[in-house]
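As a starting point, one isolated chain is supplied in C-alpha cells, in the form predicted on its own.
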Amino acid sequence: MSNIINLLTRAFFMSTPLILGALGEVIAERTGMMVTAVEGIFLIGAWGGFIGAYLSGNLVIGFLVAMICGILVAMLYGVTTVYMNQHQIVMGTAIAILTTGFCTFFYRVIFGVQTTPLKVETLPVIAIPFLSEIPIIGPIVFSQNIVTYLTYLLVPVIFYVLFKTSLGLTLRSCGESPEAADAAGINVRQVRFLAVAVAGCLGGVAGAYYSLCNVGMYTSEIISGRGWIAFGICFLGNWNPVGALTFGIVFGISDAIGVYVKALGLAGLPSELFSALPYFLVIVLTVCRKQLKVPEKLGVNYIKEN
C-alpha cells in the first residue's frame, strides 16, 4: 500500500508542470494561437529558473527569472505570428530549436564546462496541517510543494474566467470568429498577443519546476519533450482547464511509473520502455479520441481588412 501511495504522490508531483503548460496552451489556443514554441518555453524556463536561483541563492528569484524568460520567448513567437503573420507551426518549431541552442551556449558562457553538475536546493514540501494526516488522500494531495497547490487552485480560476466572464468570452471569440470580435470593437491581435504572453509565463514556471523542484539542476535534456506532452494535453482535454487537469494527472501517473521502475531497476524490465510511456500514451490517446472541440480559427492568423 505504501508503494502505491508513494507512486500517486509522485504522480501528482510530476503532473504539476504538465498541467501548468497545458493551462497556458488552453488560454492561448482559445484565442486561435497554437503556441508550438512550448518546448522551447519549457526549456528556457528551466534554464532561467536554475540560473536565477543559483546566482541569487533564492528559489523565488529563480521562478521570477523563469517567468520573464518564458514571456520573452512567447513574445518573440507572438510578434512573428500575430503581427508579422508568419506560419504558427513553422515559427514555433524554429523558435524552439533556437532556444535549445541559446540555452546550451549561454549556460556554458556563464558557468563554463562543468565536470560535475551545479545544484540548488529544491523547493520544499509543505504538508498542510490536519489535511495531510488524512489516510491515503493526505500524503498524496496535501503533502506537495507550493507550486503544486497553486497550480491546482489555478484550474477552477481559469475555468471561471474562460466560461463565466466577459474576458473569457472575449478570448474565446477571438478563436472562434475573430472577424465578429473585431467588428465588436475587440483588438484581436492584442488579445492574442497577450494570451500568448500568459502562456509563456505559465510555461516558464512549468519549465523551472523541473530544475528547481524535481532535480535541482539544469541539463540540456531536462525537458525531453514534456513541453510537447503539455501541448498534447491541451488537445486531449478539449481546450478546457478541467480536461487539462484530468489528462495532466494521467500523464503524471505514467511519468511517475517510468521514474519508479527506473529507480527500482527491476530485472528483465527495460527502464527505457517505461520512460517512453508518457510519449507513447500521447499517440495512443490522440488516435483514440473521437471528438475534439477545436476552436474554429485555431492556427489561423488574423489579417484585418482595410
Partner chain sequence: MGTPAIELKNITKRFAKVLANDNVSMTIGEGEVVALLGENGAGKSTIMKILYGLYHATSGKIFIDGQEKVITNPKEAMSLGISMIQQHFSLVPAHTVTENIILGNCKGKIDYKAKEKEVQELADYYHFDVPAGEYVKNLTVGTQQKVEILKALYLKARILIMDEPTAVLTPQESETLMQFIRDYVAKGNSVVFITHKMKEVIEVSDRIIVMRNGRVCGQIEKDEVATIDEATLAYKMIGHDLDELQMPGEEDYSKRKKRVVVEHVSIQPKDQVALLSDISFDIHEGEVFGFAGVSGNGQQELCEALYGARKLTSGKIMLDEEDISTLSVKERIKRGMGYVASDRYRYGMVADMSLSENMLLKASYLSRWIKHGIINWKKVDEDTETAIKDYTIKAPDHMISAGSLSGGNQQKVVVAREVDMGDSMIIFDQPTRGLDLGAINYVHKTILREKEQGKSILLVSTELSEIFSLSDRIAVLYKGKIMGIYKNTELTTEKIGLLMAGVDEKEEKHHEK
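Numbering follows the first chain given and starts at 1. Owing to the predicted nature of the structure, the values given are computational and were not obtained by experimental measurement.
We do not show the form predicted in complex with the partner chain, though everything after this point is about it.
Proximity to the partner chain in the predicted complex, defined as a heavy atom within 4.5 Å, singles out one entry of Ile186, Ile134, Val141, Leu72, which is Ile186. Taking a 4.5 Å heavy atom cutoff to the partner chain in the predicted complex, the contact residue among Val125, Ile128, Val215, Leu169 is Leu169.
Proximity of Phe163 to the partner chain in the predicted complex falls within the 4.5 Å heavy atom cutoff.
The partner chain in the predicted complex comes within 4.5 Å of no heavy atom belonging to Thr148. Mapping the unseen interface onto this chain, Ala181 counts among the residues with a heavy atom inside 4.5 Å of the partner chain in the predicted complex. Within 4.5 Å of any heavy atom of the partner chain in the predicted complex lies no heavy atom of Thr219. This chain is displayed without the partner chain, yet in the predicted complex the stretch 171 to 179 from 148 to 156, 171 to 179, 199 to 207, 116 to 124 comes within 4.5 Å of it by heavy atoms. Along 233 to 261, a non-hydrogen atom within 4.5 Å of the partner chain in the predicted complex is carried by no residue at all.
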